[in-house]
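In the form predicted on its own, a lone chain appears below as structure tokens.
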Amino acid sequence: MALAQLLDNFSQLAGPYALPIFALVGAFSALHYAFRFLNAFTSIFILSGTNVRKFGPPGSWAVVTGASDGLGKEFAVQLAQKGFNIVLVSRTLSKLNALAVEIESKYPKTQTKVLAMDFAQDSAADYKKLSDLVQNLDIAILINNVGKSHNMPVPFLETEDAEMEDIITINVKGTLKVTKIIAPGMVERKRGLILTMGSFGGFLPTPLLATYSGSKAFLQHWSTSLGAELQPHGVQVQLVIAYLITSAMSKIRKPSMMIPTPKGFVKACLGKIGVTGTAGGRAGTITPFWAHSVMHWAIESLGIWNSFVLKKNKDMHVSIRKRALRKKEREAAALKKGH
């Protein structure tokens, strides 16, 4: 009713010019959305990103955190394939050593270094070891992949303090501290690429994953801000947004049109560096996998759906929590019966 009254008042004031003005505004809006659609379409399906070799010559290094499994492992393998030496950082030394052997046997010219580091401990000694390890290396690429989510969806008020602390320590403090070690060398050399793993959980507020969602939202603003600071020094910073991927964290094993394997996701990511149209034009952000990007664009473009998406997000995680709790009860009952 208020809108109708407003339009009526405008028509009276504008007189004979009202119709042309409305037509002009309508045409401008149509053009605006057509341009956004074209930009998204070409970004998602046609444009290629910056070749990662631009960020460092043969013999330069990539540092990958959370490297022993999933996305981190795949980033390490695919960057080794592209000719980078690799520093592997993660919690389990045996897995890191196995991956180092795998990489060096596949790519004999590739060197690897490993550092076993539990980011949840927030150990100054561990960060000193990392700093010493990379001190004389030409680090061209940093993959901030280490991360932690909740063990299952949980209301914030029921979140265990230890889990909350681990999520913030790993996702936020770990990412910042590693970047602060690596980035100065990139600035000095006037080249480099920093990729930080974001999430739809940071792009969209996610009930029952509130702490994780907040940590990823923090990384969105931090990464974009850092990118603006480092861009004059030749260092490119990108937040990488992903929906679900088959991994231990997502607890999903079977890929689908919406859920790629780590291999498929990393290939898409390394092929879309700098193509921000994949993320609805958000500065310093890419959503590289095509199905995730289409969903991102639709949500960004149809802002009126935000409350709808929030409700659906909550309902989905409530359902996941119920299933997880039932499974936990069954396992406890089976264990009790076994004794």
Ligand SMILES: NC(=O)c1ccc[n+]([C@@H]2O[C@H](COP(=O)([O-])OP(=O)(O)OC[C@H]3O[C@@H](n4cnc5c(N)ncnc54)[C@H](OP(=O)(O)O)[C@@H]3O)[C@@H](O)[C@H]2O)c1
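This one's a predicted model, so the numbers in the text were calculated from it and none came from an experiment. Heads up: residue numbers just count along the shown sequence, starting at 1.
Not pictured, yet referred to below: the form predicted together with the ligand.
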* Structure fact -> Partner-free chain; cross-checking the ligand in the model of the complex, the single residue of 223, 90, 85, 213 with a heavy atom within 4.5 Å is 90
* Pick from 152, 120, 137, 176: which residue has any heavy atom within 4.5 angstroms of the ligand in the model of the complex? -> 120
* Classify residue 288 as contacting or not contacting the ligand in the model of the complex by the rule of any non-hydrogen atom within 4.5 angstroms, answering yes or no. => no
* Touches the ligand in the model of the complex: residue 250 (any heavy atom, 4.5 Å) -> yes
* Asked: Taking 4.5 angstroms as the cut-off for heavy atoms, does residue 56 touch the ligand in the model of the complex?
  -> no
* With the partner left out of view, is residue 206 within 4.5 angstroms of the ligand in the model of the complex by any non-hydrogen atom? -> no
* Structure fact -> Within 4.5 Å of the ligand in the model of the complex, heavy atom basis, the matching stretch of 67-75, 184-192, 155-163, 129-137 is 67-75
* Asked: Which residues, if any, of 123-160 lie within 4.5 Å of the ligand in the model of the complex when only heavy atoms count?
  -> 145, 146, 147
